Structures are given as C-alpha cells and as structure tokens.
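Single chain ahead, by itself, as structure tokens, in the form predicted on its own.
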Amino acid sequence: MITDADMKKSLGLYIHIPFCKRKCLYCDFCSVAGGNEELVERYAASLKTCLTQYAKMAEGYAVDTVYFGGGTPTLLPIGLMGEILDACFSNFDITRDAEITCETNPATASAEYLSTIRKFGINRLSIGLQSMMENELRALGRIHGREDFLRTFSDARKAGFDNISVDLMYGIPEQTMESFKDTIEKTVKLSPEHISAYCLKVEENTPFGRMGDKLILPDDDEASDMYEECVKSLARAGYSRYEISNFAREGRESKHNLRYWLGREYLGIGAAAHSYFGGERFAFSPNITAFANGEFSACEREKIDTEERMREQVMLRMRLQIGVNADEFESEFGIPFETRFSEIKRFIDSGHVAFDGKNYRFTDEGFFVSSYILSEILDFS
C-alpha cells in the first residue's frame, strides 16, 4: 500500500544541543561548559520556535532521520528533551520507521533517563567512549571512565536500545598499538551495532592546539598502522567499513550520516547548525546566547552551483565504500566522470582507486591516503 509519505521527498533533521559538563581538551565544536538552567531553558524554547518556523519549508517532505548532536544532548533535563521531541513530531511528517539518534556522554545519562528517551521515540544511541584505557581518557580530558561507559551501555540495552553506536579515537596521547587493540577488543565483545573510529585532529583554538610541541602523540605512521589494524580487526568481528571512519553490522549503517555523504537534504536547527536544502547551504551563527534569545533569522547562505555540486559529490561519496557511480554522475551532470576528473586515471593505475565498470571507489591502500588523492583529483591547490 502506497502512503502519503511514500510520495514525499525525504528529509533529515539535525538538532544541536551545545551544552557539556566540561569541554574535552581536543574539542572545537560549538559547545559551552556548564550552561546555567535559565540559558538551557531559553535555548530549548528557541529550538521549539525554530522547528515550528522551519516546518513551513518542509511541506512535501517526510523526515526519516532525526539526530540530536552536541555538546551532550543527554544533559538536557528530561522534560525539555520531551518538549523538543514533541515539537519535531507535531511540526514535521516523521515516518513511522524513522531513525532517531541521540548522542550521549557516558557520565551524563542515568538508566531512568535512557529508559525515558527510548519511550519518547529515540531508537538509536551514539555513545562517546573514545578509549577503554583510563589514562588515555584522562589525557583527552574526558569526564567519564571505563566503568561509566560499561554501565551506560548496559543501561541502554536494558532500556530497549537495539541500535547502539560507539565512538573510538586513535592517534591520541599515551596511546599505543597494544592499548588501541585492547580498546577495540573490549568494545567488540559488547557487540554494538555500529562503531566509529576517528583519528585525533588537533585544532588550533583548543587546549591541545595551544600545547604545541608539548603535546606528544603517536606519529603519522603509527596512527596509520592503528587505522589499518582497526579495519582488519573490525572486519574479522563482522563490522563492514561502509565509510572511511565508520563500521557497521549488516543493515546498521547510520542512515542520518549517510544522508550527508550522499548529498541528500537536511535541516539543522540550533547554534552553528548547518543545513543543505533547496540547493542552498545555510547555517546559524555559533553564538549560543544569541540563539537562546531568539536571534536566528539571519543565516549565512550559499547557493551551490553545478561545479560545486560535482566536487562535493566526489569528495563525499568517495568517503564511502561504494564510491561514485559513473552512470549516476553522468546522468546528473551531463559529463563522464573521467572526463571531468581526469586525474582519477593516475590513481587507478597506481592501485589506489578501483573502477569495476560501475563505481569508482578507494581500494584499501587508497583509503589510507584518501585526503591526498582527493586533493589531487579535485585540484584544491
């Protein structure tokens, strides 16, 4: 039976909650430590108002992914979380099988909180573990320990979450290949449906960035070896790498994040939240107080022309295991892929990119140096 939702275009919603107990030493996301009760309440009220306003843009769309990111969304009082979810459901056509994800820090969500948000309709949890090693967690400035994570994971299962993602990091202070292997092994034993593994990137305006040479990290070769070990270990455990940094059991890929990589439309609500909608990219100011005060009408806007769409499609889809489909590219842009991006031939010859007659994709060797290859293909010099 065909429903109204089947006839509508699909849309994703991202909702930014910029409050943390404490900023991690590597974090440059739009977030603030603490966040007094009055500010949090005003911010939540603005989110609800903004959701109502943006719903007018989304007529004719069915929302099939919702993502609460941060910051730490589970720092929101449970009542405010419920109100924001109600605003989503009352203003948007959210499909019955929508993937609704909430990020959480292991030190911020009680068993009761997790049980309640599951009843509210959140059906996917993304837990920021980063490492199973206590010394590495301290070096990152995380507020949780290994036992906090294990308790949160167990509580999430008991609350009914059967779709859990765990975030890991490599290339971090005090980490060795052996400690990273141990983290992977202990994580896999819990059988989460999804695992993300990101290499630490030191951003300038962070405590790590200000440490300069005092910050001791695994070197590039060591970090590359850690990534290779991660790919192999997770493959043996039944996790397929469907994107450079993301691994999933069959059918448990992040539908919301796939939306970004496939260039599909989404609306971002909240301070610093970005959107891609109607051929435009636009974003809210990162000023959290201003958003809480209702100052969110003026956004930076950028019309995406054909050339930029071509480049973005290559940059994003090549992150995926499936890569870029040659027929789809030519159908959309009216030019063969290799005609427009002729440098790809060099990397096919070198064995870093494979073409099977349908898709251009990175080989295992290509994934290790994907940033360099993309810069050469897209000529960002």
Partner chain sequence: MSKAEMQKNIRNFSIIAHIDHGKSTLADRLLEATAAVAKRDMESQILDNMDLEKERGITIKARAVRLEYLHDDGEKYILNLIDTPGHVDFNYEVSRSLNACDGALLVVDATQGIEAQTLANAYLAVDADLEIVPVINKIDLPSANIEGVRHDIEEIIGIPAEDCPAVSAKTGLNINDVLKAVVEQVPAPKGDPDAPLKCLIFDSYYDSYLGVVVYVRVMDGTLHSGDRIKMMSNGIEFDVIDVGYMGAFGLNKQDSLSAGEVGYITASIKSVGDTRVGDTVTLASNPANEPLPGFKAVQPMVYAGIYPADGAKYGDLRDSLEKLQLNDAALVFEPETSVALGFGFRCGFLGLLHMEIIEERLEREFNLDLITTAPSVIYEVDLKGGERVRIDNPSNYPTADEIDVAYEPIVKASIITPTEYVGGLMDLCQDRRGNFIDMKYIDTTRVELHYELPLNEIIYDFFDALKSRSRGYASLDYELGDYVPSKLVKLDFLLNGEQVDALSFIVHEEKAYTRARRIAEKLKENIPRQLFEVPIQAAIGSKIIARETVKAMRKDVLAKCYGGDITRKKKLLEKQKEGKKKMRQLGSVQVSPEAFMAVLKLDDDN
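In this text the structure is predicted, and so the values were computed from the model without any measurement. Residue numbers count along the first chain shown, from 1.
Another form, the form predicted together with the partner chain, is not on view; read the next lines as being about it.
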(message) By the heavy atom within 4.5 Å rule, which residue out of Tyr260, Phe120, Phe277, Phe89 makes contact with the partner chain in the predicted bound form?
(response) Tyr260
(request) Using heavy atoms only and a 4.5 Å cut-off, determine which of Thr116, Ser179, Ser240, Ser224 is in contact with the partner chain in the predicted bound form. (result) Ser224
(message) Please determine whether each residue of Glu37, Gly82 and Phe291 possesses a non-hydrogen atom within 4.5 angstroms of the partner chain in the predicted bound form.
(response) no
(request) Flag Gly323 as yes or no: does it have a non-hydrogen atom within 4.5 angstroms of any non-hydrogen atom of the partner chain in the predicted bound form? (result) no
(request) Mark Phe29 yes when one of its heavy atoms lies within 4.5 Å of a heavy atom of the partner chain in the predicted bound form, and no otherwise. (result) yes
(message) Would you classify Ser370 as touching the partner chain in the predicted bound form, given a 4.5 Å non-hydrogen atom cut-off?
(response) yes
(message) I'd like to know if Glu203 sits close to the partner chain in the predicted bound form, meaning any non-hydrogen atom pair within 4.5 angstroms.
(response) yes
(request) Tell me, please, which stretch of 133-141, 225-233, 146-154, 74-82 lies within 4.5 angstroms of the partner chain in the predicted bound form when heavy atoms are compared? (result) 225-233
(request) Would you mind checking 66-100 for residues with a heavy atom within 4.5 Å of the partner chain in the predicted bound form? (result) Gly70
